[in-house]
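Single chain ahead, written as structure tokens, the form predicted on its own.
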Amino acid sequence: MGEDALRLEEVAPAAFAARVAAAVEAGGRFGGLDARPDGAGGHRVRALVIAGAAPLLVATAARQGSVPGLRAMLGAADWDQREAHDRCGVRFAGDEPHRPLVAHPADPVAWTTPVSGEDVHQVAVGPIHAGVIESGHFRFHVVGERILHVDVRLFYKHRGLERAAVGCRPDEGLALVRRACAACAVANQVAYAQACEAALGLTPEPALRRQRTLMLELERLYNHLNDIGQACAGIGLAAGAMEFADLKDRMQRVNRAVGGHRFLFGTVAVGAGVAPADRAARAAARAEVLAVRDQALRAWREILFNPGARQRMRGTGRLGADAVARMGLVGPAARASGPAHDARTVSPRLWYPGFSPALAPEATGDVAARIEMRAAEIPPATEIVADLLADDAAPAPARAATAPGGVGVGWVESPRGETTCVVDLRSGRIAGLRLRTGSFANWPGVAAAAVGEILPDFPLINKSFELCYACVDR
């Protein structure tokens, strides 16, 4: 049995919440919850906890359509439970009433949090926005311009990708997962491929692990450069926005040279790798990545010492470490508030020997710290990419290592945080798929960070997280 072998535990409904909470309290990371039909007219609910490099899947039957709720013990489960309730009708006792998340009732009273008091009013923004972005509705409860609470409504373009994958072969399901989000295409596909391979009893060889790691870090680099540029745009710093837009484009040209596609589509396969670029192309790409890093760090120093940038970013949208832990936030947004997990430290199916997460210079949990985390992650990501581009070995197919178990779990550190995937296989076909992205985990943090700030600062707070709308519209 491998070090990342899945443990499955079936528990009585009354013990479900306590067992999941105990696994998290023992050092595990909550990786998502879903509900699905059990084939007998009821539903089964499963919660994923990753303990070190080992995943634990705790399952129970929803008796009379209900299981004990997790929200009081694990705030990270709130959106998962609301989604399960909307899609399957499962109730989570103790956490009722369930405000709709995927369902979109017309009456705002049905889905917003009541906020009352003298001079309290609401400001509705979206779901259609001025920029070229996906649909999202933000309902602000304010006094004057001061934000008291924000209700976030997404899921406007739910595409049913997980349901469409049922009945597909693993290689066919890969195309659906890829379309969940272009900016997270590699992370989503690698998590899915890992889950399928674990369910099939396959283990990736070192060359395949290195190739996937290379693609993940290339994706991280162009996303981080984009995020810094978007933050500059959010404060009207045009020089920074244009500089980092150019650097992002240069990285995407590297992606095309190395992987054949600007968004690295087609660079992940289930149980196998893809043909590497030739040695000359990889050498040129390596030189360009190092040049982009040097220019990015110079440009970042200009931003760091810009008085206007400091004034707008520092102290804005602050989230403390306790709030981050309570909501189960992940990725750079979480690490900006203090010590937080980076999935690259426990990635047995990838290639991160001796990896240590970058630390924010000041873990103040504000807009400045969240952007500084991206800048801090550029040098180590570049080092990983440069090292892996020097390796042009063709990846071998994954090898059989364990008996097929039918259920597999994969997880990766995407640019926005840990993404998890659970795949059920039956007779070589997908019987169930659950993709929980870093954006899904972090959207509640955007709303929390806005509380107490002024309404004009919300776009900047939102950009400091720079989450995907499409990832939740899967």
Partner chain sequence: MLIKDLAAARRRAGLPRPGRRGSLALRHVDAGSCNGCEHELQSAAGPAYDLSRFGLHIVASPRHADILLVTGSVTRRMLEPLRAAHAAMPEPRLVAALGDCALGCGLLGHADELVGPLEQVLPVSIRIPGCPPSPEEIAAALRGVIASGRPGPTGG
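Just so you know, these numbers come straight off a predicted model, no measurement behind them. Positions refer to the first chain, counted from 1.
There is also a form predicted together with the partner chain; it is not shown, and the following applies to it.
The partner chain contact at A164 in the predicted bound form, heavy atom, 4.5 Å = A164: contacts the partner chain in the predicted bound form.
So in the predicted bound form, does any heavy atom of R159 sit within 4.5 Å of the partner chain?
-> Residue-level check for R159: yes, a contact with the partner chain.
Partner contact for P97 in the predicted bound form: the partner chain, 4.5 angstroms, heavy atom | Heavy-atom contact with the partner chain at 4.5 Å: absent for P97.
Is Q295 close enough to the partner chain in the predicted bound form to count, meaning some heavy atom within 4.5 Å?
-> Yes, Q295 is a contact residue.
Can you check 312-320, 358-366, 190-198, 244-252 and let me know which stretch has heavy atoms within 4.5 Å of the partner chain in the predicted bound form?
-> One stretch meets the cut-off, namely 244-252.
Just give me the single entry in C88, A182, A207, A284 that has a non-hydrogen atom within 4.5 angstroms of the partner chain in the predicted bound form.
-> Residue within 4.5 Å of the partner: A182.
Quick one: from L176, V289, A381, M327, grab the residue that has a heavy atom within 4.5 Å of the partner chain in the predicted bound form.
-> That would be L176.
Select from 123-147 the residues with a non-hydrogen atom within 4.5 Å of the partner chain in the predicted bound form and write them out in sequence order.
-> Residues within 4.5 Å: P127, I128, H129, A130, G131, V132, I133, E134, S135.
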